[in-house]
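Here's a solo chain for you in structure tokens, the form predicted on its own.
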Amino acid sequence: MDVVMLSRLQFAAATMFHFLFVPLTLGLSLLLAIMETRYAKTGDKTWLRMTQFFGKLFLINVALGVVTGITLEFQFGTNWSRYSEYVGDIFGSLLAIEATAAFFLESTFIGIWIFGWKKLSARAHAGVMWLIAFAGSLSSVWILIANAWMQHPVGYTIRNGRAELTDFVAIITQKYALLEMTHMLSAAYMYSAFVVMGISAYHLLKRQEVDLFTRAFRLALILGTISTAVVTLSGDMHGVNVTENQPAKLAAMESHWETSTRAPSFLLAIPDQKNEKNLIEIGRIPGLLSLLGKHDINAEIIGLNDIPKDERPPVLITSLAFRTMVSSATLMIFLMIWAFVKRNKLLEHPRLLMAMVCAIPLPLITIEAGWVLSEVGRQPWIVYGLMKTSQAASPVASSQVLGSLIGFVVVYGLLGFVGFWLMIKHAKNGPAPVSSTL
């Protein structure tokens, strides 16, 4: 494989592994802030034990997220130096703001939260967790703005052979960025809600700490219900925005080859990109793609055959990622409705509890599939319409990238094994007696 493909594989491996932990960090910090606030207001030790129990999961997750996230930014210099040289004036400023204004703030307050149990009042300590939740979300916002600019570049001019910033406000307020922030943050909260509900369901099945885990389940259910609704609505709006700005991605998502009005969608379609057709089409629904893409059942949708071959994304990967995302998200909506209906009689519904335990990884599968759709569907562009991925890689030998790729896979594999083992072990053990520290 050439250096571009190896660099893409390395960045994909690092990013997807890092993103195993980021959404849970974002959502758990918010749930912990609510739990600890309830303790500060009521003095009920059950809320304190709940905070400390899920707080340990949060800290394990943070440690892994930080370790795996730092290496990502270095890759822009080591593997993608031409990209950094061309758009660094814009992209670099967004990453710098994320690191200095959000990540360091979050890290500082996490330290205060860990060591402040005996030194701060209950209300002040809960306030620190609210600041952690805010800083964590703020950190993700800047990363998402940077990614949104790659998807839809605005506020720049080409000068001296490179892209230079001209309108910072346009970059941070563009529709693509606002939709991506809303969709991703709500997805992170949804994932964390499913993790808390799944762990709670595990202990409720065993009749362990029934009061504590019933409260935790219901609290997470509220956040999960709200975030699932927001994910669904923002996802629909995001689809319309993609139709307008990235028609090739939409066509690849649905394996749509011929430009047509009342464009159909299929429950299952297996594309044959070489011969520009679908090998299998099951469950044709006339007009659905037009409705989803433009909210008009009779609207015209551009097909892949009207897009230059060198500007088409990998259709099979994009299509499978889209269908995986949609199918798993649909299942989550069903589970959320089921849990909401039975929320007051959880112990009487062991099938629901077992389903919620099994569903713990489901939101993560959805999120990872969504990112594959977003990034692979943007190809062959690293910055849509401005710079192709083939132009962005560093001028280094393939053997160098292959060595680092193997190193990443081995080290991250070990980190992942240890991290998930610790989280699963802690989740199964349940909460310890109340203490003044974690």
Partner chain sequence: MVLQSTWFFLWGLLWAIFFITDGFDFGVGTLYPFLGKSDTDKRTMIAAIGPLWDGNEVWLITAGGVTFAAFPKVYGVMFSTLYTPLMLILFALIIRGVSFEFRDQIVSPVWTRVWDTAIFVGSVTPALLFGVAFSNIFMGIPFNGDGVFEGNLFTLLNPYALAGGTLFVLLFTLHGALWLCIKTQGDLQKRTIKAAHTLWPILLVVAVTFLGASWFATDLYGNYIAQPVLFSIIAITVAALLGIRYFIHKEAWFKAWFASCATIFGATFFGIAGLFPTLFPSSLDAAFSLSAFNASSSTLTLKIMLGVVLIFIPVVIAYQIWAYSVFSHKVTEEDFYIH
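Positions refer to the first chain, counted from 1. These numbers were taken from a predicted model, which means no experiment stands behind them.
Here the subject shifts to the form predicted together with its partner chain, a form of this protein not shown in this document.
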Would you kindly say which of 56, 45, 41, 388 lies with a heavy atom within 4.5 Å of its partner chain in the model of the complex? 56
Residue (of 361, 287, 116, 350) lying close to its partner chain in the model of the complex, criterion heavy atoms within 4.5 Å: 116
If you check in the model of the complex, is residue 394 within 4.5 Å of its partner chain, heavy atoms only? yes
Flag residue 334 as yes or no: does it have a non-hydrogen atom within 4.5 angstroms of any non-hydrogen atom of its partner chain in the model of the complex? no
According to a 4.5 angstroms non-hydrogen atom cut-off, is residue 76 in contact with its partner chain in the model of the complex? yes
Is residue 156 near its partner chain? Define near as a heavy atom within 4.5 Å, in the model of the complex. no
Every residue in 82, 103 and 166 with a non-hydrogen atom within 4.5 Å of its partner chain in the model of the complex? yes
Candidate stretches 365-373, 27-35, 60-68, 378-386, one within 4.5 Å of its partner chain in the model of the complex by heavy atom: 60-68
Contacts from 396-426 to its partner chain in the model of the complex (any heavy atom within 4.5 Å), listed N to C, are 396, 400, 401, 404, 407, 408, 411, 412, 415, 418, 419, 421, 422, 425
